[in-house]
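Given next, in structure tokens, is a single chain: the form predicted on its own.
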């Protein structure tokens, strides 16, 4: 990391943190109403002012020898090697981190309206107990139908994972920074990483809604939704594995005059294949859990059955479905854990 890059990262991190803390302080002092909070132009100006002040503070504090949190995180290895050991509580960065986490926790309590009083309310608790009594007294008459639907859900997860593997495998090499070293390669790397991040940020439930409109409600829409999300997630995981491979085999293959493709196939693929398999098994495990959820929005499988009984408040039937889902998730989690352990 060059000196300018390190300073810029440190300054940007510190400026955003200081701006965030400033905004929290201003909200506490002035207690703005909803209309004022929705004034994006004014809020942006305040945040921009905070980032400028924060950047100046970061520069001055670090110049005076007070190491900020940004300095601690982005400090180059050669500076860390020569830095003196300091007690966490006696450093500016330590207190900065404590204040940031503390303020964020308090803000979180306010934003989420967290209330112990409502949690312990007797009427609410009594209502929840009535629901639990229905859930723990399942109606086993619908068990055969639930088993049939959970089998459908398992195959949805399987098909989504199998279809995602070859696509993610190929894309992972284009999304690895240590392979895409040229200018054109770096542009492809940035574009692909951005596309995968956007795809991954859209939850599988949203994809299921989109594909339910596109191809109709059912398991096919669920498979497509899980496949898109799996491609984005596996590409990220696979590419990060590629970026951590040992350089020795790569240099050895390149010294023989091998092409780029030969270098990848003979030097990189053998190093990543076992971690790839482990992550793929874990992804299938995740897809089984997600498949039970996307059925709630038309993705097929046992989720569709679950939402039908939930809508009618048929709690014993819901209890049966939850029991089946819990058993399958437990079984697949245990099986995948043993399989991943065997692949290490």
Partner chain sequence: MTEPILQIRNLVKTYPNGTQALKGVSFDVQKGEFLVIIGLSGSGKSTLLRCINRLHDPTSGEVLFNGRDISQVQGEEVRTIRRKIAMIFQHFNLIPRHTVMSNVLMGRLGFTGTVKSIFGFFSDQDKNSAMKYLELVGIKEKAKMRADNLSGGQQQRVAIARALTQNPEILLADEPVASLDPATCHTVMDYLREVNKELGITIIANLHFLSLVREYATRVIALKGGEIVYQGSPKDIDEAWFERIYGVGTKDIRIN
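All of these numbers come straight from a predicted model, not from anything done at the bench. Positions refer to the first chain, counted from 1.
Just so you know, the form predicted together with the partner chain exists too; it's not on screen, but the next bit is about it.
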Exactly one of 270, 185, 76, 127 comes within 4.5 Å of the partner chain in the predicted complex through a heavy atom, and that residue is 270
Proximity to the partner chain in the predicted complex, single hit among 262, 197, 91, 191 (heavy atom within 4.5 Å): 262
Within 4.5 Å of the partner chain in the predicted complex, all of 201, 203 and 205 (non-hydrogen atom): no
Which of 151 to 159, 206 to 214, 170 to 178, 247 to 255 lies within 4.5 Å of the partner chain in the predicted complex, heavy atoms considered? The stretch 247 to 255
Classify residue 266 as contacting or not contacting the partner chain in the predicted complex by the rule of any non-hydrogen atom within 4.5 angstroms, answering yes or no. yes
Taking any heavy atom pair closer than or equal to 4.5 Å as contact, tell me whether residue 274 reaches the partner chain in the predicted complex. yes
